[in-house]
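The chain that follows stands alone, in the form predicted on its own, written as structure tokens.
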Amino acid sequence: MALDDINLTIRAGETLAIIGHTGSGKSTLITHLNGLLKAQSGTVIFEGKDIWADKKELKNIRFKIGLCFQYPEYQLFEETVYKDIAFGPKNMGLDEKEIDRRVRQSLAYMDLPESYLERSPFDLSGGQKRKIALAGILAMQPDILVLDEPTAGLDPAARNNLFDLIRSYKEQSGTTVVFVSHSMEDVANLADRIVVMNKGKIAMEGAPEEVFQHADELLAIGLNVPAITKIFLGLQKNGYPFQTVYTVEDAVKILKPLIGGDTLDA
């Protein structure tokens, strides 16, 4: 999908979700962020400079803007977990001590024991492979972490666990996170801001509570809203004076006092 008239600022420290139907331009957009694709017109500015101003600097920019593709476990290739995670830091020219520190720290971010380091990545489960592949990106300590459908193909428990780890990593590191997702529940729970793509353009952007207010418009372009948001919008249309919510936790906070019980939990 060709992009058209994209004007987007990614704010330091935020978690930005990019959503849109298949073919809307989401993946094309994020591959421009670190120079994997070059726009025919326009510029991508990082730290005040056009990323294509000096092609020799692109390699360093790609270390700073870490892009994790969909199904990254298919890109594992080393004979041990340690070597796979260390691949990026080695290409950065770091010394062995710093490489070792980053490998172990990144594995810890993914909540995996160091006993995994000498194992073959191909002996691990799908969810564990996904974590190892992501750890390899984190080991480069990017300023911006870009994730293309990071939980694609995972079961609900593994999906929730991975997003919890990403959230924890962001809180500890302060890294800016940009992610593409089809799950509106994941977007509602993780994003500070949402960009909605449609036909190669930005159709809408704002905080989750702002974007999900436009449920009819989102449905019209082939998207959805969180199930809990649909319920509360329906209640509003039937005259109930509820605010719009987009997470189950928010719904619990609103409903719990009304039913007068302490047993209602998310």
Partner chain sequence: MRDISFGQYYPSHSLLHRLDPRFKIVITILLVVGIFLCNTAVSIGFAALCALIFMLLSKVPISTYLKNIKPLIPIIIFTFILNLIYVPGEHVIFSFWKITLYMEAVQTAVFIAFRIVLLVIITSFLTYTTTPTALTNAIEDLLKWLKVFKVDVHSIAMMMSIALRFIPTLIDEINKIMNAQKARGADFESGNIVKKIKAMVPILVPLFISSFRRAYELANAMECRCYNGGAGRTKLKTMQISAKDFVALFVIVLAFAGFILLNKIKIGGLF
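Small disclaimer: the values here were computed from a predicted structure and weren't measured. Numbering follows the first chain given and starts at 1.
This next part talks about the form predicted in complex with its partner chain, which is not shown.
Q: Using a 4.5 Å heavy atom cut-off, state whether Asp84 contacts its partner chain in the model of the complex.
A: Contact check for Asp84: yes, within 4.5 Å of its partner chain in the model of the complex.
Q: Using 4.5 Å between non-hydrogen atoms, is Gln75 touching its partner chain in the model of the complex?
A: Looking in the model of the complex, residue contacts with its partner chain include Gln75, since a heavy atom lies within 4.5 Å.
Q: So in the model of the complex, does any heavy atom of Ile137 sit within 4.5 Å of its partner chain?
A: Yes, contact at 4.5 Å.
Q: Any chance Ile202 has a heavy atom within 4.5 Å of its partner chain in the model of the complex?
A: No, Ile202 stays farther than 4.5 Å from its partner chain in the model of the complex.
Q: Thinking of its partner chain in the model of the complex, which stretch from 206 to 214, 34 to 42, 47 to 55, 193 to 201 has heavy atoms inside 4.5 Å of it?
A: Single hit among the candidates: 34 to 42.
Q: Considering only 38 to 74, what residues come within 4.5 Å of its partner chain in the model of the complex, judged by heavy atoms?
A: Those in contact are Lys59, Arg62, Phe63, Leu67, Phe69, Tyr74.
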